[in-house]
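As structure tokens, one chain now follows by itself in the form predicted alone.
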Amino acid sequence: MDSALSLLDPAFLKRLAARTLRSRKRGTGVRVGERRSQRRGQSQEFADHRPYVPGDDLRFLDWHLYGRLDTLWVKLFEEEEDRVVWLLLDSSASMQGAKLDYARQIAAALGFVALGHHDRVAVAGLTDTIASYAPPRRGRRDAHALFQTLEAVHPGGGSDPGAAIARLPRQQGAGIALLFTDFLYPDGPDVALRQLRARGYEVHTFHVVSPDELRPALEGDLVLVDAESGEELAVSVDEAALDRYEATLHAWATEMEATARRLGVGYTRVLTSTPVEDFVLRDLERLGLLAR
């Protein structure tokens, strides 16, 4: 099956084409409009005027202002820096199944939006190392290759995102790191999130949760096996045990959110039962991550 069709519906892609990926950071610098073409991927919006001096490009004279003031003024534009959007997928064994499938789809949607606005989009699958990597692409013509890359991210192995992130190639320009994960890290998320922030990236995490994790359909005497370490744990499950588990899980998820906020990282929790289109076009727009 075509990668685009297997990840995202074509009608959904058409709706995404009108969206932009928003950033809390703005590029630095104001410059005259004629420099616009010198950096690929650069975009600009009007910022101010300054008086004309000989040698300025006449194309950027403000003739409307000249008609009112009878003096020559040049338009200045605010420059946005070339931007890299990192799609970082937790591909450790605990993400196997619905969680990684859902993460791929959300990453594909946001990557498609970014490609359409000339951001450079890179992909990495993270375990205790970089399990997969694709260097930055630019332009919507590379959307098919992006989708293929995301489909090639497969689960397996342990989870040490800090060690994996330390190995990521550094890229020039401003950066947004979008981390899709279940946060099941033996040593917690602090190291990984601090490393992303230390690179100067704007960071947003998507805490992907399966409904089965909220209250598992388990009962009786069982042996649970850790998907990543292989460790076994004998348990006896009844309604009271499930109540305690559910309360503990909610407290832990709240702690993950508090940790992200404390480190200056965006945090969004999402159930894999939420339709992808609803989450992207409704929830992410309401959060301000996407805009029309």
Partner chain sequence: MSLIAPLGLLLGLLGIPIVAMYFLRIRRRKVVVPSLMLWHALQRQEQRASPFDRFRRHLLLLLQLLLLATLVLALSRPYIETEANAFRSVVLVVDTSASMGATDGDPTRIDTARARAREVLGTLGPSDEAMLLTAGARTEVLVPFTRDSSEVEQALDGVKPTEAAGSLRDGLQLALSLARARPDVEVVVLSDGGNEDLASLSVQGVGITYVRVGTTASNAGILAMDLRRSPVHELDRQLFVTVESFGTEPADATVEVRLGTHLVGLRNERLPPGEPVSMVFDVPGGRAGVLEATLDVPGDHLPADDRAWALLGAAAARDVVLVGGDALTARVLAADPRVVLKRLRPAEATLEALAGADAVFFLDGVPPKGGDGLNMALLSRKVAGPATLGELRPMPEIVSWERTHPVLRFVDFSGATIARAASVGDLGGLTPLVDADAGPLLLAGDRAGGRVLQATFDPYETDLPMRVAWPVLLLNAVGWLTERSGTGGEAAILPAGTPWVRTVPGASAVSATGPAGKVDVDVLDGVLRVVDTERIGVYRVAVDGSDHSFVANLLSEGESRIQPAAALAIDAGSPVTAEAGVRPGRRELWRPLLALGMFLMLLEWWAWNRRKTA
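Bear in mind the structure is a predicted one, so any value in this text is a computation, not a measurement. Numbering follows the first chain given and starts at 1.
There is another form of the same protein, the form predicted together with its partner chain; it is not shown, and what comes next is about it.
- Just one listed stretch, out of 183-191, 148-156, 111-119, 198-206, contacts its partner chain in the model of the complex at the 4.5 Å heavy atom level, and that stretch is 183-191.
- Think of it this way: in the model of the complex, its partner chain has a heavy atom of just one of L58, V225, L65, A258 within 4.5 Å, and the residue is V225.
- Among the residues G162, P136, G173, P216, the one placing a heavy atom within 4.5 Å of its partner chain in the model of the complex is P216.
- Looking at R83, you'd find every heavy atom of it more than 4.5 angstroms from its partner chain in the model of the complex.
- At a distance threshold of 4.5 angstroms between non-hydrogen atoms, R50 is out of contact with its partner chain in the model of the complex.
- The closest non-hydrogen atom of Y245 lies within 4.5 Å of its partner chain in the model of the complex.
- In the model of the complex, its partner chain stays beyond 4.5 Å of every heavy atom belonging to S132.
- Contact annotation for 91-125: residues with any non-hydrogen atom within 4.5 angstroms of its partner chain in the model of the complex are S94, K99, listed in sequence order.
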